[in-house]
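Quick setup: one chain, the form predicted on its own, written in structure tokens, and binding and motion questions come after.
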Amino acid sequence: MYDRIKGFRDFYPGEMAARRATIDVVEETARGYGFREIGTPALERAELWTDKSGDDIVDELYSFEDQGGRHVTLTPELTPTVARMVVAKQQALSKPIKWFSTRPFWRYEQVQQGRQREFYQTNVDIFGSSEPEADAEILAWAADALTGLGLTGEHFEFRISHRDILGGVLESYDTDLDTDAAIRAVDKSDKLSQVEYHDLLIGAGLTADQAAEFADLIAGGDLEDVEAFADSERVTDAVENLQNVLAAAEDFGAREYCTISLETARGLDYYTGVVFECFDSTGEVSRSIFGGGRYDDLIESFGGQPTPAVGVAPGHATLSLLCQRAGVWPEEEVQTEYYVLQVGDTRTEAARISRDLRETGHVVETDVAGRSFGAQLNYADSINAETVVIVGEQDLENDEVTIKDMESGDQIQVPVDSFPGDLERPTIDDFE
């Protein structure tokens, strides 16, 4: 026996059916907004991450040297990959560029609730628009995807902020400050004690009094107070931009899910503007369901022309936790519309019926294991077959087949030449 590797999961058919149903809703919602699906490689040059984050990030990567001597890695996230793709064909691509994809990623980190070392995300991004409407559309898509899964405003909330509000307030302190480190401290604040949080702010360059003042100011979340405190054009512009995004989100139907939360920072340094995270409203799912925001400088940093961008990446592990908690996770069971049961030497006619049913779009199984009548019927029940079509030698001698409704147990003989016929979804009710 071989054990599964820690941090990697198997998905058996029942659970995979529920996952597929969820992914389909998320992706169809993206298509409804005009996002176009892309495919991306599992393997990239490690420099895509080490050049931006330093060699320390290698400890978090599944990286190695390939046979050609290249330092490569399984991709831990999608943003650098799509940035590379945009740069490669930037002049030819129509703007705005609206892309989505669902795929696995790999990161060597501590396994915990909602976080595995192999994890799946649906990434949704807009490149080429700096307008508030682009940010609002990302929020609206996320809200529609979640409500499409059966969730409501009682189940989730979007906590929204702006990196320039945080950066501008920090700049107002006349001190030698590592602003990025301070913002990363804000991003971790909900997981830390007050002492630990303040210590990180002090480590970034604030005094103890300044750390306490700053923490209280942004915890209050009052935009007027923040703007008055900073008294800077950067903060004023950021507040205006955030308000414009929320106004657009109102028109797009997503404002009711948004709460201003200046303690929402997003830890990655490439975020430049509005940022947001989705949380379980009850707090039972302890970590962020997903997050996103604006990253206007990233394309240029990869060698492209200046290109504003905004995106979000729901993780399907945490999304499943939220749906399960809210009671809207799909049933983890396979569904089969028809099982064509063979009794005796009836393969030719059973195969014809199976083909005809499949041609009209139905899920159909038939025996491929030479089993007895009872074993086939038990199998049909195990795969949740709704209707069993019994093709037996005796029935065929009378030019008939038997249709059995598995829920009620009722059955009826019908002319073989008229089944399935022109009926779109033939059941026992059509022949009684």
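Small disclaimer: the values here were computed from a predicted structure and weren't measured. Heads up: residue numbers just count along the shown sequence, starting at 1.
What comes next is about the form predicted together with another copy of the chain, which does not appear here.
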Quiz item: Quick one: of Phe229, Tyr120, Phe214, Phe290, which gets a non-hydrogen atom within 4.5 angstroms of another copy of the chain in the model of the complex?
Solution: Tyr120
Quiz item: in the model of the complex, which of the listed residues (Met406, Leu396, Leu377, Leu48) lies with a heavy atom within 4.5 Å of another copy of the chain?
Solution: Leu48
Quiz item: Out of the stretches listed (184-192, 271-279, 84-92, 202-210), which one is close to another copy of the chain in the model of the complex, meaning heavy atoms within 4.5 Å?
Solution: 84-92
Quiz item: Are any of the heavy atoms in Glu131 no more than 4.5 Å from a heavy atom of another copy of the chain in the model of the complex?
Solution: yes
Quiz prompt | Non-hydrogen atom contact Val26 with another copy of the chain in the model of the complex at 4.5 angstroms | solution = no
Quiz item: Looking at the partner-bound form in the model of the complex, is Phe373 within 4.5 Å of another copy of the chain by any heavy atom?
Solution: no
Practice problem: Answer yes if any heavy atom of Pro96 is within 4.5 Å of a heavy atom of another copy of the chain in the model of the complex; otherwise answer no. | Solution: yes
Quiz prompt | Residues of stretch 4-20 in contact with another copy of the chain in the model of the complex (4.5 Å, non-hydrogen atom) | solution = Arg4, Ile5, Lys6, Phe8, Arg9, Asp10, Phe11, Tyr12, Pro13, Met16, Arg20
